[in-house]
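Given as structure tokens, the chain that follows is alone and in the form predicted alone.
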């Protein structure tokens, strides 16, 4: 339709090359709703008649339930919808729908509406996943496990502490996306191609009807920039990277070498030839799909980095990256939440590994510090104790007084003090003694769980308020449309 005005038609090969119609199904409804708000605004400002508005709005309303044909010959969903409105309402009325609007501000409007809805969906999925982590942590406040640095056993910890750590990581993802929404929920509609329009429109009116918090003021900025898209996909890239790390933990811990957890059959698959296998395919796919989303971010940034100010058709190519990013992240969150709620925890194996690893060495060193001995001295003593235990193939608790004397050689430390500390120190006492704020000690778990539950409730309330605001605006728009029709 657009190019026919130039007196030339596109060949099928060229049309297929320039068309985005296959990707535009994601924003078809947003385009219709945005067109309705624009039409109502044109009527309210006496730019079109009520009869014209009635025909246009009626045609748009009928299109809400239509399945659009990708072989229509249209370059994009915007052209297709307008052509269908003109077909239904007639050129005399339907041809006025695009007054004081460009495809440039139209497409970015649809993208902003799509992303803001996706952010709300993802934020709710994040809260569900965070809640699942906190819920499971309640049942594992005394489940002992080893914590790692460099993938080497480092300190005794609690499984609840691990789960709360992941809840905190995802909480930051929630906060980032919640804040990103504020920059996305601004209307570009009415900015025209790049420089606005000479027709007296009311941009704030359409913004309010569509549930936006305001407008992107500068018309050039409104239509030609896609930094908000890059920000959104960047936030999702961070989120997916965090989910990928959790997935890697679960993959390692579900191996027979670790046997810390067992994944539900629903989220594993057997080998095609080895019947004993239980492969963590779903978690592996999360790692792989994370790479895909990072690729989407790279594609978007690479596209926009070399564009001059003003609209360039290159921007059409980033739409598929947005849709795929949203779809993957939503699915990944739903799946990881389900895995967390259904996996079995092998508490005995976790504790067995923890107790066999001399992880009380730091606790011994710290107890010696409390006797007034410099930490660097106690660190050296504890290191010798670990070496002696390793060489004799027994835990530190089984060292003899003669062996303990070797650890204090060159110091003035009484080996009897060390012997007494060793006899009263184990992984359980270690976790009881862990008192620092936010530590993996027993006492801190209950406090942190209670704190996270309160935060989740506040965030859910904030999400409800935000979603209700958009729904109220769009419901009011629908009411206006119905009255005009």
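Positions refer to the first chain, counted from 1. From a predicted model like this one, the values you see are computed outputs, not experimental measurements.
What comes next is about the form predicted together with a small molecule, which is not displayed.
Distance criterion of 4.5 Å from any heavy atom to the small molecule in the predicted bound form singles out 76 from the list 82, 231, 403, 76. Contact with the small molecule in the predicted bound form, judged by any heavy atom within 4.5 Å, is made by just one of 176, 183, 88, 103: 103. Contact with the small molecule in the predicted bound form, defined as any heavy atom within 4.5 Å, is confined among 351-359, 389-397, 139-147, 316-324 to 316-324. The closest heavy atom approach of residue 311 to the small molecule in the predicted bound form falls within 4.5 Å. At least one heavy atom of residue 107 is located within 4.5 Å of the small molecule in the predicted bound form.
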